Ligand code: CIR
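First, one chain by itself in structure tokens, the form predicted on its own.
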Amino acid sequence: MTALALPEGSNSLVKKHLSRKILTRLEHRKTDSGFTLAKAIRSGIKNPDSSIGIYAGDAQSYHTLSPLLDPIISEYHGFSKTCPHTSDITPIALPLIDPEGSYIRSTRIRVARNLKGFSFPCHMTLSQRKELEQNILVALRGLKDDLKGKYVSFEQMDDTAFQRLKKEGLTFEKGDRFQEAAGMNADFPKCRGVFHSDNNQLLAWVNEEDHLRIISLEKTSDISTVYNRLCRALPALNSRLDFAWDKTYGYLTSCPTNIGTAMRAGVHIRLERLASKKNLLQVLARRWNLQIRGTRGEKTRVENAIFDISNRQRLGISEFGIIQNLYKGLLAIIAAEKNL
């Protein structure tokens, strides 16, 4: 029991919800792949400043460890298990928010996906990573027209080429200390890589925090085009890959904060006036279930008044609903910026 004790200074959701009763109930449980509570909360134990403190090692974790995961998910997402998650990945037609590019610098929508039958990245063996990478490559090579592109393996790339791709925003690096403690960095960079379409507007990261991170992006405010590209790519990949899905929690991800749609849809937006009225900006964001982050994402500072604004809600809302909220919220934020 002592080995599974969370640090005294921890304020994580795991620390809050891992009672002695739940610990006794779960400490000897295992999923079919051998994932345990000890492995799930390893990152939270090693990092007292974790806000969540738990990762799933496979799809079954959400059932095997449900006495702990359910209350964490409920508190984080404000979600009741009595309301099953619904998915709606259908195209949308929206007028441009910022046709002159006065405010929005870029639009980026990504989804996370894990495959059925495989452990998640923090619990995979090297042989599993290799098999998974090959399965994903077959699916990626089936993409057509403006979605087709090439896959670059990090394992076969020298540092110069890696840095060039990084400068172009076409790669990812070894996970942070939270992911390191969870075991996600094992065997890095083996069986990791990035697929990018010929026009660099569709990316797919392989074996990062999840098996797949599929990203559609443009340096415009055209949310519809960016989202609709994803609406074409996801079914094409899903026709060859079987994604891990739960009728209550939607798409299952390594981190319980991403389940549901597993989508983050957002923009980089310059708000020179609202930068000095952050309370007003936060009020508008909360009204449309949006999250305000620093220029380079979570836990980074705002540079040159450029904010990263994206959806806060991922579970209990459809993909279509997320895009509608983002669009309406950005309209309100830009109107406020103009009126100040």
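Here the structure is a predicted model, which is why all the values come from computation and not from measurement. The first residue of the sequence shown is number 1, and the count goes up from there.
From this point on, the text means the form predicted together with this ligand, which you will not see here.
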What stretch, of 254-262, 131-139, 222-230, 239-247, brings heavy atoms to within 4.5 Å of this ligand in the predicted complex?
254-262
Which one, Phe178, Phe188, Tyr151, Tyr103, lies within 4.5 Å of this ligand in the predicted complex by heavy atoms?
Phe178
Listed residue (Ile45, Leu280, Val302, Ile52) with a non-hydrogen atom within 4.5 angstroms of this ligand in the predicted complex
Ile52
Report yes if any heavy atom of Phe118 sits within 4.5 Å of a heavy atom of this ligand in the predicted complex; otherwise report no.
no
Is Phe162 close enough to touch this ligand in the predicted complex, meaning at least one heavy atom pair within 4.5 Å?
no
Does this ligand come within 4.5 Å of any heavy atom of Gln291 in the predicted complex?
yes
Can any non-hydrogen atom of Glu298 be found within 4.5 angstroms of this ligand in the predicted complex?
yes
Within 311-327, the residues that have a heavy atom no more than 4.5 Å from this ligand in the predicted complex
Arg314
